[in-house]
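Starting off, we have a lone chain in the form predicted on its own, written out as C-alpha cells.
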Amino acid sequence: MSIYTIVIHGGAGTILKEDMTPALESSYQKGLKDALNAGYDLLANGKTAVEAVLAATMSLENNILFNAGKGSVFAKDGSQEMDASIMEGKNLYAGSVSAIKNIRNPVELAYTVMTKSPHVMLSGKGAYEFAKMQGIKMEPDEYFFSQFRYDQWKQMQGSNETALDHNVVVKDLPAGQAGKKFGTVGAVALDIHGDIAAATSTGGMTNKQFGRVGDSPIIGAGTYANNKTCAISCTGHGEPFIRAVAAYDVSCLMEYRGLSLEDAMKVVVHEKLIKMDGEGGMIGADAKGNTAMVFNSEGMYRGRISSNGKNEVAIYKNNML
C-alpha cells in the first residue's frame, strides 16, 4: 500500500513553555490535532493531497488561536487583510489571493482561483468580486474580531510600526505572554497516488500599511509544490523569505544538488535565511513519503501524521508533545 502523510504548522517564533499556561497549551495542541485529522481522514479515504491540505488549512483558519482566517490580526486601518495560496505538485497548478477581506476561508478562495480561473493570483477588490461570483462563504467584520488582536492593534495605533503577530506586549498580559510569533498557518501532504501539495494562509502583520504583502501568497516564496522534489509551506518574517525565494530554493537544492528534503530545508532555514536575519521555519514533504519540520526560532506549532504510524504534534524546540 502506498504511503500517505500530512504535515501542518501554525506559526513559528519565540514560543516558550514557561510563557504558556496549561490551558492554552492544550488548546493549541487540540487545534493542531483537529487540523491534522481533517486532512489525514481525507487521505485515508483516497482523496488527493490538494484536498487534504485545503481541509487542514481551513481548520486552522477557523481557529481563533492562529493568525489566519478568523484569528487574523488588524491592519493599520482597523481591517483584517488576509493572504493565502495553494499549489499541487503533479501539474504545477497554483492559486493565490492577497489583501482580501471578509472571506471566511482565504485558502478556499485560493483553491478556487486555481481550479476555476485562468489566473494564479488575485488581489483586493478583484479577488473579492471573484469570490462573490463563485459563491465563496463570507463573514461580517464581527466574525474576525479577537479582543487580544484588537488590544495589540490599539497599542500600536497612531504609529507607523508593525508587528509580527504576538510581538506586541499588551499591558494587561503577564510578562512574557506576548513574545514574537509568526502566525502563518499551512499544510503539506502526500496522497496514495504519489502526488504532493502545499497550502499557506495568514493574516499578516499587526498594523501593516501600504498594502504590505508577505511571502504566504507568493508562489515560490511561502508555498511551493513539485512532485519531482517537494511540497513546502513557510512561516516567518515574510520579507527575507521573499528575498530568499525560500520554498522554491528547497526544491532547487533537491533537484540540482541532489540534497534530501530535510538537508535542503536546513540549508535554507539555518544558513540562507539566517544570513538575511530571517526568523521562522517551514514544513515539507516529498513524493517518497519523507517529511520534515525545520525552524530557526524558539518554537513552531507543528504536527504530522503518516500511514507508516508516525503521529505527533509539537510546540517547542526539541520537545514533542
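All residue numbers refer to positions in the sequence shown, first residue = 1. These figures come from a predicted structure and were not determined experimentally.
As for the form predicted together with a further copy of the same chain, it is not shown, yet the points below apply to it.
*Asks:* If contact means a heavy atom within 4.5 Å, which one of 286-294, 32-40, 270-278, 57-65 is the stretch that engages a further copy of the same chain in the model of the complex?
*Replies:* Selected stretch: 270-278.
*Asks:* If we define contact as a non-hydrogen atom of the residue within 4.5 angstroms of the partner, is E139 a contact of a further copy of the same chain in the model of the complex?
*Replies:* No - in the model of the complex, heavy atoms of E139 and a further copy of the same chain never come within 4.5 Å of each other.
*Asks:* Just to confirm, C252 within 4.5 Å of a further copy of the same chain in the model of the complex by heavy atoms?
*Replies:* Flag for C252 set to yes.
*Asks:* Contact between L92 and a further copy of the same chain in the model of the complex at 4.5 Å, heavy atoms?
*Replies:* Although a further copy of the same chain is absent here, L92 would touch it in the model of the complex, with heavy atoms inside 4.5 Å.
*Asks:* Can G135 be called a contact residue for a further copy of the same chain in the model of the complex at 4.5 Å between heavy atoms?
*Replies:* Judged by the heavy-atom cut-off of 4.5 Å, G135 is well away from a further copy of the same chain in the model of the complex.
*Asks:* So a further copy of the same chain isn't shown here. In the model of the complex, which residue out of I218, I103, V73, L190 has a non-hydrogen atom within 4.5 Å of it?
*Replies:* Among I218, I103, V73, L190, a heavy atom within 4.5 Å of a further copy of the same chain in the model of the complex occurs only for I218.
*Asks:* Could you list which residues of 235-270 come within 4.5 Å of a further copy of the same chain in the model of the complex, counting heavy atoms only?
*Replies:* Residues within 4.5 Å: E239, I242, R243, A244, V245, Y248, D249, C252, L253, E255, Y256, R257.
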